[in-house]
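Listed next as structure tokens is one chain, alone, in the form predicted alone.
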């Protein structure tokens, strides 16, 4: 199955080294456990390009490894062409939403942008906080929020796309 034939998901945060690569890795793990990996193309990006080419933050990788995840994607900057390349663009917070929305050139582009917490099932947070300047508890909270929201997101995708 070609990339264009798959459901294409892009997770976006500020620098693409903490939240969005974690969301990417968790979603990849989840769709693999469900036997749906051939139905999806999953990637992540940041609204800023400071970390382009870097692995995710070592602390996020460590916390993810404790839960069985492998966060190994390389950071890249969000670009306007991502609206053509992806069906869903999932942002972590309001600043990310505004930054990505600024690239939109049509209502169709705007409809692709969703907030990660729109899919939360157990948590009431209205955004996924950036753990970069926090301690271990911040990274664990982000992983809790992302695990919950990716499950909710996949549930919605399975319904919408009859998977």
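Residue numbers count along the first chain shown, from 1. Keep in mind it's a predicted model, so treat the numbers as computed, not measured.
Beyond the structure shown, there is the form predicted in complex with a small molecule, which is absent from this document and is the topic of what follows.
> Heavy atom within 4.5 Å of the small molecule in the predicted complex: which of 127, 123, 119, 132?
Replying inline: Flagged contact: 132.
>> Which residue, 28, 112, 51, 115, is the contact with the small molecule in the predicted complex, using a 4.5 Å heavy atom cutoff?
In response: It is 51.
>> At 4.5 Å between heavy atoms, is residue 18 in contact with the small molecule in the predicted complex?
In response: Contact with the small molecule, yes.
>> Can you work out whether residue 13 and the small molecule are in contact in the predicted complex, taking contact to mean some heavy atom pair no more than 4.5 Å apart?
In response: Yes, residue 13 sits close enough to the small molecule in the predicted complex that at least one of its heavy atoms falls within 4.5 Å.
> Picking from 64-72, 43-51, 102-110, 30-38, which part of the chain touches the small molecule in the predicted complex when contact means heavy atoms within 4.5 Å?
Replying inline: Only one stretch qualifies here: 43-51.
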